[in-house]
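First comes one chain, alone, set out as C-alpha cells in the form predicted on its own.
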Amino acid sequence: MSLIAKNLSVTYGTGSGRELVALDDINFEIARGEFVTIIGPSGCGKSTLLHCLGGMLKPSSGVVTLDEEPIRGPDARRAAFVFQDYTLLPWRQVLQNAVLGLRFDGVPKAKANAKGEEMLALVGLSDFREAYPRELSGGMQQRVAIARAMCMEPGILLMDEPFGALDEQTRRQLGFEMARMLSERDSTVVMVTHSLDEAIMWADRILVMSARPGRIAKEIRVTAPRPRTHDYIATEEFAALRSELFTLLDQDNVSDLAESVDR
C-alpha cells in the first residue's frame, strides 16, 4: 500500500476575483505502516493538504492515489479522519458513537458492535461503553473518536491536530498511548500538528511546509525505532531535530524557506 501525492496544487477564488494559491506542486509518497507528520507555519495549507489526501477537497491540479487508485471523494474505509473537535453525538452512548461509521455503511448492528467493542478495548474504554460524551474527559472523548476511525479499518488514518484541545499533560500521555497503539497495529498515519515534540516523537518522517503557497520545503527522517518512550526526549537526536525544526519555522526564516523551494 502506498499513498502518493503527485503535482498536487489547490487554488481558491476570493471575493475580490483574485486567486489564492494554497498548495503548489506537492509531491510525496507514504508507504504502508509509515507515520508521517506535517508541520509548518500557520496558513501554509497543512489542513488543506490533509483534506485532499482524504478526498474531502478536490485539488485544482495533480492527483492523490491510494494503492494506485485515485482518491476522488471521501471514503472512511480508505482514509478516516480524526479532528481536534471530537465530533461525538451527545445523545448517543460511547459504543454507539464508536460504531457510527459502520452503521452508516450498512454493517449489521451485532457485527458493528463487536468491532466497536474491540476498538474501545484497544483505546482502554471498555468500561465506558454505555457512558455519554458529557460524562467523559476531553482525552477520553478523543479516544472514542480514534476508536470510531479505527472501526472502519481504513487504509490510512488522517489526524488533524487531534490533541490540540487538550491540556499539555493529557495531550502528552494520550499521545504516547496512541502512538504505541498505532505502531503496534502497523497503521499508516498522516498527522498535522503544530507541536515540534509531537512531530518528532511520533514520526518516521516529518514533512516541513513553507509559508503560502504551501510546498514541501524539507523532509526530515527520524531514525529512532517506534514506538518511542519518554526517554527519547533526552537524547541527542531529539534535541538536534527539535533545534532544526525550530530554526526552519522561526518567523524570520519562513519567507526564506518558501523562496528556497523555488530554487
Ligand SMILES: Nc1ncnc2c1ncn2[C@@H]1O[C@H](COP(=O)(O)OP(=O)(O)OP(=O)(O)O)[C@@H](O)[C@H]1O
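Here the rigid core means the biggest group of C-alpha atoms that line up within 1.5 Å when the two forms are laid on top of each other. Note that residue numbering begins at 1 and tracks the sequence as displayed. Quantities reported herein were computed from a predicted structural model and do not represent experimental measurements.
Same protein, other form: the form predicted in complex with this ligand, not shown, and the subject of what follows.
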Worksheet item: So in the predicted bound form, does residue 195 come within 4.5 Å of this ligand, heavy atom to heavy atom?
Response: no
Worksheet item: Does at least one non-hydrogen atom of residue 161 fall within 4.5 angstroms of this ligand in the predicted bound form?
Response: yes
Worksheet item: Does any heavy atom of residue 44 come within 4.5 Å of a heavy atom of this ligand in the predicted bound form?
Response: yes
Discussion item. Considering non-hydrogen atoms and a 4.5 Å limit, does this ligand approach residue 48 in the predicted bound form?
Written reply: yes
Worksheet item: Based on heavy atom distances of at most 4.5 Å to this ligand in the predicted bound form, which listed stretch, 230 to 238, 64 to 72, 36 to 44, 200 to 208, is the contact stretch?
Response: 36 to 44
Response to the item:
this ligand in the predicted bound form has a heavy atom of only one listed residue within 4.5 Å, and of 84, 113, 93, 187 that residue is 84
Worksheet entry | Contacts with this ligand in the predicted bound form, stretch 20 to 36 (heavy atom within 4.5 Å) | 20, 22
Discussion item. Aligning on the core only, does the CA of residue 84 end up 2 angstroms or more away between this form and the one not shown?
Written reply: yes
